[in-house]
Structure formats: structure tokens, C-alpha cells
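This document starts with one chain, in the form predicted on its own, laid out as C-alpha cells.
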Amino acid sequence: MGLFKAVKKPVIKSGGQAGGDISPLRPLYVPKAPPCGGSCPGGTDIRGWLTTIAQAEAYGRTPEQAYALAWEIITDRNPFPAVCGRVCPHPCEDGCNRTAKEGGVAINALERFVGDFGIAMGLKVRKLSDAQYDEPIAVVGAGPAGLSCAYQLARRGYQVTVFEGFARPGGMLRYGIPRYRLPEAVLDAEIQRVVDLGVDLRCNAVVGKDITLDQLHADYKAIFVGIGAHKGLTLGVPGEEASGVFTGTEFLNHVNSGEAVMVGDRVIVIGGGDTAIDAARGSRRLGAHVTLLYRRTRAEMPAIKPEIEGALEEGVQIEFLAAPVEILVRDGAAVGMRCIRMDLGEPDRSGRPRPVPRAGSEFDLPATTIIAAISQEPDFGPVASLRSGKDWLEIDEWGATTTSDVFAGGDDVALGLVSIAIGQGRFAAEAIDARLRGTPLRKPPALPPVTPEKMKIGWHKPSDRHERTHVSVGDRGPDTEIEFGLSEADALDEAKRCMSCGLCMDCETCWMYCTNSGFVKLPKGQHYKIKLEVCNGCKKCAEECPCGYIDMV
């Protein structure tokens, strides 16, 4: 007879069903994938570090001990929690099961809190191995992808040299994101942590000029290419060769490098992405009246929504459904732009409505500076041999290119989030390590997802989301960080809003609902043990588990 075959059940004096058939189903603890972790391109164990803070008292930890442990969990996958806590658009929050209640957990704000704690306390990264390997590894580009790869390889005992063409490391984090969003001191502190692992960082070292790709192949056992996409695209309209015309990446690079950029009193920015918004807000900080031109409506703008709102509250004017036709030039300098109104047509390849020029709707706008922030691309010059035709660098799921010893990641593969670049750098490091050590390379099996209907959402007490506050508009200087972090009290309360989706949080619900004493408490950190021999399959434990952790099988 099978273990779960239905049998006639006698009267149970301890409670439960009296008489009738015993159900063939039995409870089983089944860990599941929370939507936050599944939405993080960097693969951070978000649930793990959130519950570490939330359950600090229950596990006998001080808050400071919990923050330090949470920091260790984050930095196992991501060396830049304080950076990402400021610039990541946090897709992890969009799918949070708490949105079915009163709003998702403020994961990004909490990541900043933990990252800032790590910097303030001078926390040191845990190495993954005491080994010291002889194989040298080269990383081209000190952006988030390259530094992530170097970080993970150094933690494993490899000697890594990073070649960076700019004067300072950071890539787009330093040269493409304004200081009011990402203070330089925060970026420097988290990059220094990578260097402190023994990474040899060489700035002003341009591949193709100071060292060739052939030399890298000869001198290093593996190469990671993370050159980013610093080359802004031009508009392709008459007059853009005039002085006073910049691409978005060019403008932000000048400003972030500390150069004096004279924009005059009227700036036009073209584009609807984050670079366009950053250029517009940066120009406002230089004292200019700014008009941003976007050929679709606000609903189609790809920029981060809070950044759009910030631009509007700072006085940036947005002309929707308008596009450039020609840059007006006088004596070699841009003095304005001829524009045309657009109507939205059928969806294009992006899925968004295609903008269609409206005949006879041209109009002129005066300008002293024009910034084209429509997109950007890598400068493949020195690594052109790694490309396939006109495509950008092509990689597999582990970052390997078609060239045997070369891996890649970040914006030279496709424009994307900083968390994507960090994840690609980590995957490449794992692949390089596996290849050099001759070990198997595999990703952990995917866990079943846990969605709101699989949980007891109503069990969790209502708790309003804690939002970050901002510096008032009148007090915002060129480099003033405009967003405040959470207070410690708010951070603790916010962490407790995590519902530990798909994993036990020691709430005791299963233990309390079982009338047959089928659940045994284990020492802290081990949760519970199920005594199947006394279970009658009543399903109460599974039905009442607020985390969706128990399945009946």
C-alpha cells in the first residue's frame, strides 16, 4: 500500500476530522521564488536580506548586526548597493506581492540604507576563496560590468588588471549620471572596495592605443570587455555641425568631468530617455531655460517616472509630439531649432505608436545650446574584431563571445540597467573561473514562483510604505543630492513590510493551526519539522500559511 493511500480514520481525540477518510495529501515545505528576486537582473537575494533585517530581534541580533549581515548578502552578488540604491529604477518593486495590499516594499530605499551603512562602518568584502591563482585576467572598461567582473574574480583569488580609458573609474556611473543623483563620494567608496581586493586599476589606459587587443590575448588567460556606450548618436538634420550642439553623453561627460560648460540662457534637449532628462536637469542647474523636445507623449517616455516629475518641478518645459527638422545657425553657432508637430500612428517595432510628422506644422524655438540625447552606442574601434558585422558584441547566457577567451557585458552588448551590467559581469566571472578551474558551470534550478493568490495576504497587518523625501527645489545646487535616505526607524519598519514570499518567516501559523501537533519547532534558523505520521491531511497549514511556503502533495 502507498504511504498516502486513503484509509478509514478512527475518531481523533486530539482534534481534527472525526471519522471519514484520511486525505492522501500531506504538507511539504516548498521554497518558492519571490517576484522581487526574479525581477532583479543582478540576481540579488532580496528576500534574504530584507528578512534578515525584519527578523533581527527574533534571531537575537542587534539592528547593526542585521544591517551588516544584509550588506554581506547584497554584496555577494552586487558590489554597489549604495550606488544602486540611488540610480537603479528598481524593477524588483513592480512585481512585489505587497502591491496587492497597500504598495510594494521600498526595496531601493532600503538598499541605499544598507549600502550607506556599509560605507559608514567601513565593512570589508568577504572573499570566496583563500586560493591565489596564477592566471592573469584582463578587464577592459571600469564601468559597472567590468568592475563587477573584476570584483567577483578577485574574490575567487585571481589577479585582475582593469584597463580604463578615462581618467577615473566608474564608466557611465561617473560620466553619465549627474552628481545630484549619485554623489561622487559614494561612487568612490564602493569602487575603492573593489580595488582593495587587490584589483590592479589602470586609468588613462586606452586599449588600441596604450595596449592592443592582441597584447591582451597574449598576456592574459581571459579578457572581459565592458567598454560601455559613451558615443552619443547625432540627429541627422542640417546644421548639427554648428558650435553649441552636443550629444547627451558628450554634455554629461563634460559636466561630470568638472569642465566649465557655457550653455547660455536657452537650451533645447531632444529625447525622452534618462540621458535626456539628466541633460535637461543639468542645464537648469547651469541657469538656463530648458525645453525638452519629445516626439511622443509622456505615456511613451522611457525615462524613469520620478526623474520626469523632478524635471517638471524644477522648471523644465516639455514639448510633447514634436521633433527636430533643422538646427538654425548664425555665424557658425546654433541659434535655434526648427521643429515639427507629430501625430501618433500605428505601433512600430518597439510596440509604441509611431510618430508621424504633421504637414505644415513647423515652428521655431530659439536656443543658445542644443543637446541631442536620442540614444548612444559603443565606440568599438579597438575591439572591432570581436563584432559580427554591424551587430554589437554578442554573448551567451554566461557572457562568452564567439572568441574563445573573450567575455563581455554591459552597454556594449545592449543598452540596459546598471543592475543588468552588474549581473552580466558576475556571470562572466563565474564562467571564467569555471573554465580555468575545469569545473562544471550551471545555474541553480529555478524555483516555482509565488504569487498573491498562493499567499494569505490578509494575514499581514496594513502598513503604509515609507517614501524618501527630497530637498526643496529652491535649495538644489549643481551637486546637491536631492533625495534623502530613510531614517533608521523608517528603514526597520519598511523591512518588516516584507512578507517573506515563498519562504518561512517563523510566524508559527502552521504550528498553531495543527490540531494534531504535527509541527515541531527547531532551533532558530531551522524553522519547523513536519511529523507526517500524525498528519490527517486537513490542509489548514497550507491554507493559512501567509508566505505560501507549504504545498499539499
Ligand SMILES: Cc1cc2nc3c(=O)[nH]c(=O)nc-3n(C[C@H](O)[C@H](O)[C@H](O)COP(=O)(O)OP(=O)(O)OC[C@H]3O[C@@H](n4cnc5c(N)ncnc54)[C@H](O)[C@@H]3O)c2cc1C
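All residue numbers refer to positions in the sequence shown, first residue = 1. Keep in mind the model is a prediction, meaning the values are calculated, not measured.
If you look for the form predicted in complex with the named molecule, you will not find it shown, but the lines that follow are about it.
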Query raised in the report: Within 4.5 Å of the named molecule in the predicted bound form, heavy atoms considered, which of 87, 334, 138, 82?
Result: 87
Query raised in the report: Pick from 324, 271, 176, 282: which has a non-hydrogen atom within 4.5 Å of the named molecule in the predicted bound form?
Result: 176
Query - Candidate stretches 449-457, 139-147, 427-435, 104-112 - the one whose heavy atoms come within 4.5 Å of the named molecule in the predicted bound form - result: 139-147
Report task. Tell me, yes or no, whether residue 118 is in contact with the named molecule in the predicted bound form, where a contact means a heavy atom of each within 4.5 Å. Result -> no
Query raised in the report: Are any of the heavy atoms in residue 478 no more than 4.5 Å from a heavy atom of the named molecule in the predicted bound form?
Result: no
Query raised in the report: Looking in the predicted bound form, any heavy atom of residue 158 within 4.5 Å of the named molecule?
Result: no
Query raised in the report: Would residue 247 show up as a contact with the named molecule in the predicted bound form if we use heavy atoms at 4.5 Å?
Result: no
Query raised in the report: Among 170, 228 and 304, does every residue place a heavy atom within 4.5 Å of the named molecule in the predicted bound form?
Result: yes
